[in-house]
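Only one chain is shown below, in structure tokens, and it's the form predicted alone.
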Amino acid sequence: MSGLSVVRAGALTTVQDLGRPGHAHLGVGRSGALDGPAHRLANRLTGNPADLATLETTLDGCAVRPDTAVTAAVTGAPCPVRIDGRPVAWGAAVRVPAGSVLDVGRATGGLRSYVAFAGGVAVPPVLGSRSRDLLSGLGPEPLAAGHTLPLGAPRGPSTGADAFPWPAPPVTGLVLPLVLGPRDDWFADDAPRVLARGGFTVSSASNRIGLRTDGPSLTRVEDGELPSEGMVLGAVQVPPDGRPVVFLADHPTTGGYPVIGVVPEAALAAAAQAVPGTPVRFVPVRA
């Protein structure tokens, strides 16, 4: 089986696929690529089915050396891509010769890039997924220099496309639709207006578990304790400091703070690419 050697791991690079849905009753979240469309596109460019595993980098990319020639593609956050120091295309299939170093550089916009290889990253699956879940610890460890990763057999030809249209990362601001409930009645009547006014920014404490915000605090009118209840992807939980947290792929399956609303899954790819300091505004709607 062919494989990759990790030359540079980057700040945080993990193996991700479409996740492991259906295990919340066991306390296991879905996990999976935070920017699902970017993950799917990288696989499409390399001739892979959407469910094969890619590498998800954070901010400063990574560098790997394949032991056999392989087709690769980098999508998600735009970044410089080089093979043995020679610039090659981002957002397109490129051929990496055996023994050459594919270097995925620092993101020039956004936060997370996705690196696909023909055949996918073929680490052993856990509960049906190869994804790393940072909260539960399931799945392969984050990449470290000197690690090796197996690659699967190529499944099909690359798309051969020169380019695909792709939305830019939310550089000037992140606007998130918010379906109110189930605990919006735990907050003051002006909470939807506070959310809609903006004034929030992405906190540097954000991670794969949740997008944390800095900014205004939402006022609670219910002071009681809430029994732990199930949490879904996109749930916006409000901890005691009153600042909303948007749950992302590695979120806990239960929680005891009130959920004021839920961001639909289709809007979360942009959240995955929002760097700390990005302005955030919610658009509350009633279900």
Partner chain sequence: MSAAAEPRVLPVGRHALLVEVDTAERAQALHAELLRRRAAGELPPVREIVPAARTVLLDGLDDPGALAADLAGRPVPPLATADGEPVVLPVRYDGPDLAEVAALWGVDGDEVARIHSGLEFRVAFCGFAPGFGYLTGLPERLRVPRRATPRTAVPAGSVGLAGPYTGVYPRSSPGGWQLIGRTDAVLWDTGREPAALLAPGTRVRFEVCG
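Here the structure is a predicted model, which is why all the values come from computation and not from measurement. Numbering follows the first chain given and starts at 1.
Keep in mind the form predicted together with the partner chain is missing from the figure; the text below concerns it.
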Which of these stretches, 240 to 248, 253 to 261, 34 to 42, 58 to 66, has heavy atoms within 4.5 Å of the partner chain in the model of the complex? 253 to 261
Could you tell me which one of Val175, Val101, Ala188, Val179 places a heavy atom within 4.5 Å of the partner chain in the model of the complex? Val179
Is it the case that Val7, Thr148 and Pro276 all touch the partner chain in the model of the complex, with a non-hydrogen atom of each within 4.5 angstroms? no
Going by a heavy atom distance of 4.5 Å, is Glu229 a contact of the partner chain in the model of the complex? yes
Touches the partner chain in the model of the complex: Gly224 (any heavy atom, 4.5 Å): no
Can Arg30 be called a contact residue for the partner chain in the model of the complex at 4.5 Å between heavy atoms? yes
Given that the partner is absent here, does Ala205 sit within 4.5 Å of the partner chain in the model of the complex, heavy atoms only? no
Even though the chain is shown alone, can you say which residues of 1 to 29 have a heavy atom within 4.5 Å of the partner chain in the model of the complex? Pro21, Gly22, His23, Ala24, His25, Leu26, Gly27, Val28
